[in-house]
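Have a look below at one chain only, the form predicted alone, in structure tokens format.
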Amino acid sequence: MTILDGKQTANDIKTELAVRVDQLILQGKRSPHLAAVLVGNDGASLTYVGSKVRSCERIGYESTLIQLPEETTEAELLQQIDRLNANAAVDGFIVQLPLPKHIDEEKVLMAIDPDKDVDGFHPTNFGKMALDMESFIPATPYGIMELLRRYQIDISGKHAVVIGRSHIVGRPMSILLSRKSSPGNATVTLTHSRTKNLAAITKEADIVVSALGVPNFLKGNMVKKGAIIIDVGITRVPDSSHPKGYVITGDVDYERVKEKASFITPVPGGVGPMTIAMLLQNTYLAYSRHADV
């Protein structure tokens, strides 16, 4: 069994990007610039955005954090997005989700210029991805594919089961796994909360990507020997014995499933760090589209 070390792989990618930035600076060029918009004070969002800002600082990117109060109106947020769209010094930006309930997330994501949509959530980028055109790929699926590539895992012709059909992970994951590329060419089954006999399906899978958000959902008796297990789940589970009062738990019953897996991602330290690394990669792509790199 091999642990797919997302933390180390993400660090490798950041180091590669830092070298590129150093070269840009030596050539007298500016560095890529990523901005993030955060509405409210959600703890998980604050942690995640803070990690993105620190990652930018580490590799030499410019970063801007725009923190807006919880009561910010939809119109005010859209005005902020318009300003970022028009700002030539900002190569890409994200609006951290979830947003407060009084704001329409779809309207906000649609307002982002697709050329600056480094989260890859805009329908223009999703459509291009589905057609195998160059686009910003959503960072989490992008990170999973990069892990498979760097560990040289051949998935061609294999049966992949994706659990979860979100626009952010499940659906793009099903497209990327099946496309004509390396890694790729898998035969994909997309499952969800209405899927019947899910365990029977996962038992037949060569690859399982779980993006359900239910702690320890995937049990050892639901996978076959030698399966490749990708755990996208990340849930804060209350734990009074832990200094933080909670532990981070994935969708996979790790201790039992790892006994059967050929490759597996841990939580934390698997897919999570890769998500941030690929967001930075997308930002470099956005920069290179507009700058003379």
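We number the residues from 1 along the sequence you see. On a predicted model such as this, the values are computed, not experimentally measured, just so you know.
What comes next is about the form predicted together with a small molecule, which is not displayed.
Engineer: Find out whether any non-hydrogen atom of residue 107 is located within 4.5 angstroms of the small molecule in the model of the complex, and reply yes or no.
Structural biologist: No, residue 107 sits far enough from the small molecule in the model of the complex that none of its heavy atoms falls within 4.5 Å.
Engineer: In the model of the complex, does residue 193 come within 4.5 Å of the small molecule, counting heavy atoms only?
Structural biologist: The answer is yes: residue 193 has a heavy atom within 4.5 Å of the small molecule.
Engineer: Can you check whether residue 234 is within 4.5 Å of the small molecule in the model of the complex, heavy atom basis?
Structural biologist: Although the small molecule is absent here, residue 234 would touch it in the model of the complex, with heavy atoms inside 4.5 Å.
Engineer: Heavy atoms within 4.5 Å of the small molecule in the model of the complex: does residue 175 have any?
Structural biologist: Residue 175: no, not in contact with the small molecule in the model of the complex.
Engineer: Report whether all of 223, 227 and 258 sit within 4.5 Å of the small molecule in the model of the complex, measuring from non-hydrogen atoms.
Structural biologist: No, none of 223, 227 and 258 comes within 4.5 Å of the small molecule in the model of the complex.
Engineer: Sort through 81-89, 99-107, 181-189, 205-213 and report the only stretch with a non-hydrogen atom within 4.5 Å of the small molecule in the model of the complex.
Structural biologist: Comparing against the small molecule in the model of the complex, the contact stretch is 205-213.
Engineer: If the cut-off is 4.5 angstroms on heavy atoms, which of these, 150, 128, 158, 165, is the one near the small molecule in the model of the complex?
Structural biologist: Contact residue from the list: 165.
Engineer: Name the single residue among 95, 169, 137, 145 that comes within 4.5 Å of the small molecule in the model of the complex, judging by heavy atoms.
Structural biologist: Selected option: 169.
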